Structures are given as C-alpha cells and as structure tokens.
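Shown below, as structure tokens, is a lone chain in the form predicted alone; questions about how it binds or moves come after it.
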C-alpha cells in the first residue's frame, strides 16, 4: 500500500496538469513500513530531461536524482518511489516504464492527464529480487484526508 496525505496527492496530480502535454516526473520521499507499504512524507518535483519525446517519456538526470537522494538522507527519509504523468494515455505502466524501473520495493505512481486535467492516479510497486525477476504489482493508494502538510518542493537546487 502507498500512503500519503491529500495535499501531496493533489500536488503530484497538479504537476501533471502543469506540464501537459508533456510528462512530468518526480520522486517520493518517506519511509518503507514493513507489512504496510511505502509512506510518502514529501514529494520532490524533478525536471524531465527528455527532449526527443517528452510527451510520452520521462527521464530524471542522474545528478538531480543524487541531489534528491542526499536531500532525503539529510532529513532521515528514503526514496520510496517515483511519479510521472501519462498525457492523454491511461494511468497504466507501459513496457518502457517497466524496462526503465530499477528501484525494487519502490512505488511507481502514474497519473493520467486527459486534455490537461488529471483524471486517474494509480500506483504499482516494483517487486522481485533482481532485474531478472522484477515485476509490477498493483498497489492501493491510501490518502490521508485529515492531515495537511507543506512538504511539496519544486525540486530546485
């Protein structure tokens, strides 16, 4: 299960609307809770460095990902997942999404953005022990409606 506060959920969906018709991307920071799932405490927007097909692909620059990982560690958090949008396409992982997913145990959140409006958000956990047996598993999303936080960042250095 992926757990996050309502404002974080809304922020990642809004990011997809803002970057439409291109894909947005970002990183989910928090803690993995054994037997429960990933608890997101912060999202960090990342820049989509794809210039050839940003409308249907995303890429986070390694230097940006390292910066985000260091930021997480400084706050005693971990990278627990990633998110991106699918402009005018279902909130379902693609073969490219699967091929480029390498963080076992992490949640991969996809929001379908149709005609500029976020419609559906789904999460998939990457399970397995190696690249050879990795697989996506449908993951439920639990949204905490009672809490509000100010943990959304622009992802700027």
Partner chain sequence: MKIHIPTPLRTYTGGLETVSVSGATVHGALVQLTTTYPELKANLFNADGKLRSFVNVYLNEDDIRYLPEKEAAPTQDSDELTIIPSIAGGCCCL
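For clarity, every value in this text was computed on a predicted model and none was experimentally measured. Residue numbers count along the first chain shown, from 1.
What follows is about the form predicted in complex with its partner chain, which we do not show.
- Its partner chain is not drawn, but in the predicted complex it has a heavy atom within 4.5 Å of residue 59.
- Shown alone here, residue 124 lies farther than 4.5 Å from its partner chain in the predicted complex, counting heavy atoms only.
- None of the heavy atoms of residue 117 is located within 4.5 Å of its partner chain in the predicted complex.
- In the predicted complex, residue 36 stays away from its partner chain, with no heavy atom inside 4.5 Å.
- For a residue to qualify, one of its non-hydrogen atoms must sit within 4.5 Å of its partner chain in the predicted complex; none of 8, 135 and 140 qualifies.
- Contact annotation for 53-81: residues with any non-hydrogen atom within 4.5 angstroms of its partner chain in the predicted complex are 55, 56, 57, 58, 59, 60, 62, 63, 65, 66, 69, 70, 73, 78, 79, listed in sequence order.
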